[in-house]
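The chain below stands alone and is given as structure tokens, in the form predicted alone.
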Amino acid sequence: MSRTIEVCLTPALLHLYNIENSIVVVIDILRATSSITYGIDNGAEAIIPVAHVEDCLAYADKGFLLAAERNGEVVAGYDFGNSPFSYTKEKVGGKTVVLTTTNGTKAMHMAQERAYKVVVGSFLNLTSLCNYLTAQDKNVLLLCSGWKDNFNLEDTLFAGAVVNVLRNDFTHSDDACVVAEDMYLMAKDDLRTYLHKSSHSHRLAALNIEEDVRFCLKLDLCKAIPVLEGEKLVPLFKS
């Protein structure tokens, strides 16, 4: 039986998909899954995604770094938010980070309840991720974290990039794959210009973090594929 690839455009639609035999790729390009990928690639021991800001406090006495973002901004009193520039070797190498974000960490927990496996995708690890998915004998669901359960452009563009790379190895089983791939092919020569249309891009621009946005659109800076094991995101392949 051929493997299928599907795109779920928002976590609000996740209940419509059978994912018990699927590898779910959680996508939150601006910026959670980009920062997580970068952090794991830079030697973070683990990143623990939690649903609520208060959940971070349960780890306060363990010596972990606490990262909390809401509506694009660092929550007051926390070590940092979800800017990829906070996840450098110097800051996270050998350390565990507890992270909560507006959209991405929520999507991870939702997927983990039923999925065969949950991994993290971003433009930063696109080729490594696609090579891994090709080598597995599992269906794939690309789960776009969206923005507060609404559709967004940037996550869908990345889903389209994955669909495009894997198009000869998987059966496209939904129209969302078609839309995502068409969007990516239209935008791929200048992703940043295309994303100027996006609502989240405008939100982030107001926060003066254009460099974060541009960094999150870079291709293949990382080899690491974060995988959710229990409560922790860890490297799929140990180096």
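The structure displayed is predicted, hence computed values, not measured ones. Start at 1 with the first residue shown and count on from there.
Keep in mind that the form predicted together with another copy of the chain is missing from the display, and what follows is about it.
Contact between Tyr132 and another copy of the chain in the predicted bound form is not found at the 4.5 Å heavy atom cutoff. Residue contact check for Phe215: none of its heavy atoms lie within 4.5 Å of another copy of the chain in the predicted bound form. Shown alone here, Leu57 lies farther than 4.5 Å from another copy of the chain in the predicted bound form, counting heavy atoms only. Mapping the unseen interface onto this chain, Tyr194 counts among the residues with a heavy atom inside 4.5 Å of another copy of the chain in the predicted bound form. Annotation: in the predicted bound form, residues Phe151, Met183 and Ser198 each come within 4.5 Å of another copy of the chain through at least one heavy atom. Note that among 35-43, 206-214, 174-182, 66-74, the stretch whose heavy atoms approach another copy of the chain to within 4.5 Å in the predicted bound form is 174-182.
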